[in-house]
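As structure tokens, one chain now follows by itself in the form predicted on its own.
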């Protein structure tokens, strides 16, 4: 019994334990610490620890997908394509969670589940671009042809995502902090207490995204081996 416990403990790398601790800390402290009493936002500002940090993790995953896609193009090693695709799928999952938490936040601060906001619309457009990436991969049977087209499209998708969620909102009117002339969170309400949760939350969500991607890469690799043996 003790040997099994030791094997279980050794089977989880240190960063996975760190992920668990950071997310537990995020959920507990994110709901319990005292937050700034701001007009309109009130207690909904706690969503900053979830909504915004999920989007940070999504961008990290999409960047990883881009890098692995480029590495596939330079090496023709299919394992890089596997990592690129699974990182993108995890990114889309986090993006959908970000849209859901953002919509919930909008309901309680702006009075509607969805408003005509440049960043909201840009986020939705970015997800549609990556939905096209998923459809593209599913429409091609040849493994290497699919990998090459997906890698090239991945460069376009990542570029468009940055345009939709980072560049266009700064050039037009937006209700989001840090866009359309509005000051960013850090300039007026991300106080010291919130920073002690916000930054660990970013790391925790990023590690969780990495963990999910790692598991999916292993599953896909095993499936490919089984298919090759048949």
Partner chain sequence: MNIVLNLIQKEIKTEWKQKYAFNGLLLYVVSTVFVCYLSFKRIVDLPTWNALFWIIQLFAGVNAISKSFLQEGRGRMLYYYTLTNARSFILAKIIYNLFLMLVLSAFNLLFYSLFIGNPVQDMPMFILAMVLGSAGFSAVLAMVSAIASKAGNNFALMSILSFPILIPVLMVTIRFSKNAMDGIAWAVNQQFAIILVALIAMVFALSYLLFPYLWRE
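The model shown is predicted, which means the values in this text are computed figures rather than measured ones. Positions refer to the first chain, counted from 1.
Absent from the display: the form predicted in complex with the partner chain. The rest refers to it.
Checklist entry - Tell me which of 90-98, 105-113, 121-129, 77-85 has residues with heavy atoms within 4.5 angstroms of the partner chain in the model of the complex? => result Of the options, only 121-129 has residues within 4.5 Å of the partner.
Item to check | the partner chain contact in the model of the complex: residue 68, any heavy atom under 4.5 Å | outcome: The answer is no: residue 68 has no heavy atom within 4.5 Å of the partner chain.
Checklist entry - Do residue 168 and the partner chain share at least one heavy atom pair within 4.5 Å in the model of the complex? => result So residue 168 counts as contacting the partner chain.
Next on the checklist: Please determine whether residue 203 contacts the partner chain in the model of the complex, using a 4.5 Å cut-off between heavy atoms.
Outcome noted: It does not: once the partner chain is placed as it appears in the model of the complex, residue 203 has no heavy atom within 4.5 Å of it.
Item to check | 4.5 Å heavy atom contact, residue 163 to the partner chain in the model of the complex | outcome: Taking the distances in the model of the complex, the answer for residue 163 is yes, it comes within 4.5 Å of the partner chain.
Item to check | Site check 23, 27 and 208: each within 4.5 Å of the partner chain in the model of the complex by heavy atom | outcome: Not one of the three qualifies.
Item to check | Residues of stretch 118-145 in contact with the partner chain in the model of the complex (4.5 Å, non-hydrogen atom) | outcome: Residues within 4.5 Å: 125, 128, 129, 132, 135, 136, 139, 140, 145.
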